[in-house]
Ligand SMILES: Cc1cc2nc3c(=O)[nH]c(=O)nc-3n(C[C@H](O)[C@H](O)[C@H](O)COP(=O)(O)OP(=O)(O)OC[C@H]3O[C@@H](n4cnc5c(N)ncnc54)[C@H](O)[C@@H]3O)c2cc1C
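The data below hold one chain only, encoded as C-alpha cells and taken in the form predicted alone.
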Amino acid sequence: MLKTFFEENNIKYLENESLKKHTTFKVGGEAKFIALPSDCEQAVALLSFLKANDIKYYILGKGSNVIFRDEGFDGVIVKTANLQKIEYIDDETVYAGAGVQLSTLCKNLQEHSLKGLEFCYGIPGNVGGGLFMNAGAYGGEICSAVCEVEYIDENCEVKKIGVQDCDFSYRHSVFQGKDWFILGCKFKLTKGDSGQILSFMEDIMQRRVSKQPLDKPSAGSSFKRPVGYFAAALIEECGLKGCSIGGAQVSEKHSGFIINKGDATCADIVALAEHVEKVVLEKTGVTIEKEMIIV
C-alpha cells in the first residue's frame, strides 16, 4: 500500500533503511520506510495519506540532534532533505526550504552580502530543525532573523505564522508542541560587506574545529545550558571528561559533547547521558537536561 502510494505520487522513498545513515550520531536500527517529499504538494499528500491510514510517522531533518533507538522505527520517517528551495523575495528577504542546510544558507547569504545568520555557519542541521530547536551559537539564535514560517498544520492545511507567534526561547519553539510540518521560512536580513561576513564565518568555523570533536559522530552539544551555568564546565568539574559506556564517550576535547567512538549503540548513548545527568545533580545540585531527541 505504501509503496504504491509513493510511486503513484512520485515521492522518493527508501525501504528497510539503516537510520545510522540519516543521523550525525550514526546509531539506530532500521526504518521501515523513509519518504522524501520534494515540494509542498507532495508533503501535503503524504501527511494526509499517513494520517488517514493511521500510519505511524516521524518528521526528520538533517538528523543532527536526533538519535533513533537500536530497534529502529516501524513506520515512515518523513525526511525534509529534498525541500531545497532558496528564493530571494527582495534585497534583504529570502525564503529557505526546511531541507536547506544552515551552512549552505549562510554561504548563500554571504555571497549576496547579507548578514544576520552567519553565527549558524557550521551548525550541522538544516532550516527546519533549526527553527524547531531555535538553534543558536556564539551569542546568536535563528529566531533573530525569522520573519514568517510556512508549515502544514495538523489538518494538513498549509499555513503561515509570524515570528511573534512562534514562541521562541532558548532551544524552544511553538513547533515542539504541535503536530506541524515545517516547509520553510522567510528570513529578514540586513546588507553587509561580503568579505567581512566571510571572515566572521571562517572565524566561527575555526573556533568550532579547535574546540569541538568534529572528527567523531555526535549530535553536537549534548546538554542544554542550565541557567547560570555551563553544562560542559559542570561535567568537567565532576570528573566526567572521557567517561565511557560501551562505544559512547564524554569527549575529551569538549565535555559538553557525547561522541560515538565508532561502535556505540543508542542504548550506550542514553545510558551515558543519564549517568552524566545523575552525577552532576548529585555533586553540584544542578540539573542538566539532554538536548538531543531520542526516538
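Just so you know, these numbers come straight off a predicted model, no measurement behind them. Start at 1 with the first residue shown and count on from there.
In what follows, reference is made to the form predicted together with this ligand, a form of this protein that is not presented.
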Problem set entry | 4.5 Å heavy atom contact, G136 to this ligand in the predicted bound form | yes
Exercise. With the cut-off set at 4.5 Å between non-hydrogen atoms, does C40 touch this ligand in the predicted bound form?
Worked result: no
Exercise. Can you check whether I34 is within 4.5 Å of this ligand in the predicted bound form, heavy atom basis?
Worked result: no
For this session: Please run the contact check for Q212 against this ligand in the predicted bound form: heavy atoms, 4.5 angstroms, yes or no?
Result: yes
Exercise. Pick from 195 to 203, 87 to 95, 179 to 187, 159 to 167: which stretch has non-hydrogen atoms within 4.5 Å of this ligand in the predicted bound form?
Worked result: 179 to 187
For this session: Name the single residue among L234, L60, A248, L46 that comes within 4.5 Å of this ligand in the predicted bound form, judging by heavy atoms.
Result: L60
Exercise. For the stretch 118 to 137, which residues lie within 4.5 Å of this ligand in the predicted bound form by non-hydrogen atom distance?
Worked result: I123, P124, G125, N126, G128, G129, G130, F132, M133, A135, G136, A137
